[in-house]
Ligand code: C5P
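Only one chain is shown below, in structure tokens, and it's the form predicted on its own.
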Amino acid sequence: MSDFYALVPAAGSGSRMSSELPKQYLDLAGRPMIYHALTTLCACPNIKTVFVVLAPDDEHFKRYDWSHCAGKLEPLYCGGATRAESVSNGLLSSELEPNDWVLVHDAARPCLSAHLLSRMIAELRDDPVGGILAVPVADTLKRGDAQQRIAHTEPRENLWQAQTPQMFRAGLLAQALQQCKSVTDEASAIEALGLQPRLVGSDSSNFKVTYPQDIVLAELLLNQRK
């Protein structure tokens, strides 16, 4: 019987936040941003261990109290220069069984709900490939040219915006990332093997904090849940 694990790559700097402090440690509702995603993952009864992949020289993580995670949280100081490298290194260091499920989640998606997480696991646990949380694209999409003028409008039919977690078997994901190292998400590596991950419907609350103004919205959502 395979187990469920989570892996959170958190070795980046978050340069678009205009802060010397890595984005995952910026204050969000009185806690470091990464606290919220890790807390949700650790609270999930299906998940056995939550691995957080940190930069080898990370000095911030150990400054916080993680006792509420009930021993389910395991830091791995093996982060790489890219997301794909961090995930690959984390999979290697975690020594998971090839058939175990691993849910890769962004540290900068602090508003993941327990409901979405549980529903995703329920929908994918028997899937032959795995899949991702995603939302159908609602806005009209414009393709721009080099002068920032509209070249044409992209049809949005059947277009989805990828989110995380992205859930795949550990062995399959490790193989995919070894063969395709330049991807920006795990599903792209799986797709490169000729497989088709499943899309699990999510919602816009599970957004990625990218710019300073995003913190205000994330705090509103988190405080509303409290």
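For every residue, the number given is its place in the sequence shown, counted from 1. Note that the structure is a prediction, hence the values are computed from the model and not measured.
The same protein has a further form, the form predicted together with ligand C5P, not shown here; the description that follows concerns it.
Contact with ligand C5P in the predicted bound form, defined as a heavy atom within 4.5 Å, is made by none of 6, 48 and 74. When ligand C5P is considered in the predicted bound form, residue 88 lies well away from it, no heavy atom lying within 4.5 Å.
Contact annotation for residue 93: none of its heavy atoms lies within 4.5 Å of ligand C5P in the predicted bound form. Contact check for residue 103: no non-hydrogen atom falls within 4.5 Å of ligand C5P in the predicted bound form. Although the partner is absent from this view, residue 118 stays clear of ligand C5P in the predicted bound form, with no non-hydrogen atom inside 4.5 angstroms. Residues of just one listed stretch (61 to 69, 22 to 30, 39 to 47, 190 to 198) have heavy atoms within 4.5 Å of ligand C5P in the predicted bound form: 22 to 30. A heavy atom within 4.5 Å of ligand C5P in the predicted bound form is found for one listed residue only; from 138, 122, 151, 81, this is 81. Residues of 94 to 133 lying near ligand C5P in the predicted bound form, listed in sequence order, are 106, 107, 108, the criterion being any heavy atom within 4.5 Å.
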